[in-house]
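To begin, one chain is listed below as structure tokens, in the form predicted alone.
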Amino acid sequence: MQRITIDPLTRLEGHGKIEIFLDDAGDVANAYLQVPELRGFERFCVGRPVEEMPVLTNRICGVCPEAHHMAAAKAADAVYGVTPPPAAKKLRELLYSAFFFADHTTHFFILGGPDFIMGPDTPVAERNILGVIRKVGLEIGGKVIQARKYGHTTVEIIGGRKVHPCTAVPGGMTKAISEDERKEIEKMGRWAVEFGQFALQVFHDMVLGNPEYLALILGDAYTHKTYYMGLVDANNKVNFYDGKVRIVGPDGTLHGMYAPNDYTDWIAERVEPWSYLKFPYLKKVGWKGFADGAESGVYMATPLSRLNVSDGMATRWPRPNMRSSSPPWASRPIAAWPSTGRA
């Protein structure tokens, strides 16, 4: 049996590799997506003070520490039985929203962009961030960097640091923001909305406007019929910080909804000997292996899942005009970078 190893996988958050085993006829007998790193946070957190969790668990990742910071802070709230005051809750949500904006900019233009923007037929050597900048131009590449800077600057103002924030504690936040900082965040936020509209236009023109790529996206190879999971508010609208976890089946019917602290009634984890990654599945359906369909407990918790489980978005922003066939950067200049006085 022939063994093919792809190691490391690139353009993802963490470590990964693929092992492919071919039979004597050269056909794929088995394929494994492996996570070879052992993080061990579940063990070395044992015995530590609860209030340390928000600054300890955010070391799980250097790309998305804000998500771990918020999750740990909310868990600490529950342990102490406290509810953050409205101002603290708003600051937490604002911090997470800034992270969300910067993180999705990173994924769209830097991690996923080399495939989405460059196209499936582009040589591998050109499918990287440098290839993206060459295609969209230096000015647009600079705006992507500015967008990330805005997100990290907002995180720094609220969270105390650009990476691994430290201000969320049981029951609230350790610092407020000044009126000048609020105005600065508002200015950056308005710029970010315009940049988000621009990014949607880029996706429409360069991805959905590519017939070959569109056929690839909609093809059977990337279609999986699974359960979907996401957080929703009281009106079943998408929420990123608070609410209930909603689950729908492959056909969109409601499977269940639960409060986050009831997750052990709904979710179980399976381990396999060939990866340190854990495989969560729906308890009420059961583990049937890596298979699609309503009989399999496999589920997705992704941006697509958020849309599939919800009745819509909670905010109403004007949608971009996606009828133009010309490149968006040719006629839609983004506002100049507002001066923040920060490095």
Partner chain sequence: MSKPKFAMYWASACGGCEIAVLNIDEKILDLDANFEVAFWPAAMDVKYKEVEAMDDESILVTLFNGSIRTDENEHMAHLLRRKSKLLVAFGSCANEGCIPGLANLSPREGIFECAYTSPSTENPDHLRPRSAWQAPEGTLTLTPLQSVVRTLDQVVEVDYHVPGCPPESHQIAAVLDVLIAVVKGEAELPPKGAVLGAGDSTVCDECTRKRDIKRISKLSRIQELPMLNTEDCLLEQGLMCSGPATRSGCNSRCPNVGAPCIGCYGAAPGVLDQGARLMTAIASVVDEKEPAAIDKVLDGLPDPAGTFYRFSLAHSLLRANRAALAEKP
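By rigid core we mean the largest C-alpha set that fits within 1.5 Å across both forms. Everything numeric here is computed off the predicted structure, so don't read it as measured data. Residue numbers count along the first chain shown, from 1.
Absent from the display: the form predicted in complex with the partner chain. The rest refers to it.
| task | May I ask you to state whether Glu272 is within 4.5 Å of the partner chain in the predicted complex, using heavy atom distances? | result | Taking the distances in the predicted complex, the answer for Glu272 is yes, it comes within 4.5 Å of the partner chain.
Spell out, yes or no, whether the shortest heavy atom distance between Phe290 and the partner chain in the predicted complex is within 4.5 Å. Residue-level check for Phe290: no, no contact with the partner chain.
- Query: Does Tyr258 make contact with the partner chain in the predicted complex, using a 4.5 Å heavy atom cut-off?
  - Reply: Residue-level check for Tyr258: no, no contact with the partner chain.
- Residue contact check: Pro170 to the partner chain in the predicted complex, 4.5 Å heavy atom: Yes, contact at 4.5 Å.
*So in the predicted complex, are Ala73, Lys244 and Leu304 all sitting within 4.5 Å of the partner chain, heavy atoms only?*
Spot residues vs the partner chain: no contact at all.
- Mind telling me which stretch in 190-198, 102-110, 227-235, 209-217 gets its heavy atoms within 4.5 Å of the partner chain in the predicted complex? Checking each option against the 4.5 Å cut-off leaves 102-110.
- Just give me the single entry in Val55, Ala67, Met300, Val285 that has a non-hydrogen atom within 4.5 angstroms of the partner chain in the predicted complex. Of the listed residues, the single hit is Val55.
- request: Answer with one of Ala78, Leu254, Ala87, Leu130: the residue that has a non-hydrogen atom within 4.5 Å of the partner chain in the predicted complex.
  value: In short, Leu130.
In the predicted complex, which residues of 28-45 put a heavy atom within 4.5 Å of the partner chain? Read in sequence order, the residues that approach the partner chain (within 4.5 Å, in the predicted complex) are Asn30, Tyr32, Gln34, Val35, Pro36, Glu37, Leu38, Arg39, Gly40, Phe41, Glu42, Arg43, Phe44.
Does Gly252 move its CA by 2 angstroms or more between the shown form and the other one when the core is aligned? Moves: no, less than 2 Å.
Flag for Asp121, CA shift 2 Å or larger between the shown form and the other one after aligning core:
After core superposition, the C-alpha of Asp121 moves 2 Å or more between the shown form and the other one.
- Is Leu9 among the residues whose Cα moves by 2 Å or more between the shown form and the other one after superposition of the rigid core? No, its C-alpha moves less than 2 Å.
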